[in-house]
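Heads up, the chain below is alone and in the form predicted on its own; it's given as structure tokens.
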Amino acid sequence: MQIAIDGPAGSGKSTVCKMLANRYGLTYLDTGAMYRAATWFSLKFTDEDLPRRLEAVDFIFSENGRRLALSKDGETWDVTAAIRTPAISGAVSRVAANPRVRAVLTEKQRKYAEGNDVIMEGRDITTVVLPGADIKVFLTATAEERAKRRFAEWEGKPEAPSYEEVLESIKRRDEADSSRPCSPLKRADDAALLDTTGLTLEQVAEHIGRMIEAERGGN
């Protein structure tokens, strides 16, 4: 079974997918983390051809998607915490807009899904990466709701941005993701739309869980 979840930043994709992966024994892949890791890599190796280098990088997920390491030429970097900083959040749209980067990561994501019962989330999963997925959902929420969630994640951490800064970053990210020429963020025609504003993430997981149970029951 392939489950594809798309949506803008802060819509609850990652948390909900982790919950569903545990509940239904699915393999979870956070493709947004891969683009964040590619951004981290681009800042570490600024003088190189990023897409070419990424072809030779192994993206190693562990703890069912909760941790991510990069490995290349015998070196391994655990980037789980490093990719969740405001600096990476501010730079990831630029890297994600690179068509060659997207081509490399899309191929890696499709290979990851082969032969697995997978739940995969990102911004082009329902439209580009897994257009034939068994279940396709587009999660959304107001920019203000999503900013509150991101602010809560960063609150108390060193160099944490203000709520106003998070909200502005969310709005810029939305514009960049939805207007890029290559694989823009958009809802697939056959993807269920679920507005998570005012819902707990447990309620969102229960809603998608019923879709999973219905799909499994029909096969």
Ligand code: CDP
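Residue numbers run from 1 along the displayed sequence. Every value quoted in this text rests on a predicted model; they were computed, and no experiment measured them.
Omitted here: the form predicted in complex with this ligand. The next part is about that form.
**Message:** Partner absent here, but in the predicted complex, which of 132-140, 70-78, 110-118, 86-94 has residues with a heavy atom within 4.5 Å of this ligand?
**Reply:** The contacting stretch here is 86-94.
**Message:** So in the predicted complex, is this ligand close enough to residue 187 to count as touching (4.5 Å, heavy atoms)?
**Reply:** Heavy-atom contact with this ligand at 4.5 Å: absent for residue 187.
**Asked** Hey, in the predicted complex, does residue 102 get a heavy atom within 4.5 angstroms of this ligand?
**Response** Because a heavy atom of residue 102 falls inside 4.5 Å of this ligand in the predicted complex, the answer is yes.
**Prompt:** Should residue 9 be classed as touching this ligand in the predicted complex when contacts are defined as heavy atoms within 4.5 Å?
**Reply:** Judged by the heavy-atom cut-off of 4.5 Å, residue 9 is in contact with this ligand in the predicted complex.
**Prompt:** Does the 4.5 Å heavy atom contact test between residue 51 and this ligand in the predicted complex come out positive?
**Reply:** No - in the predicted complex, heavy atoms of residue 51 and this ligand never come within 4.5 Å of each other.
**Prompt:** For 146-183: residues with a non-hydrogen atom within 4.5 angstroms of this ligand in the predicted complex?
**Reply:** Going through 146-183 in order - heavy atoms within 4.5 Å of this ligand in the predicted complex - the hits are 150, 173, 177, 180.
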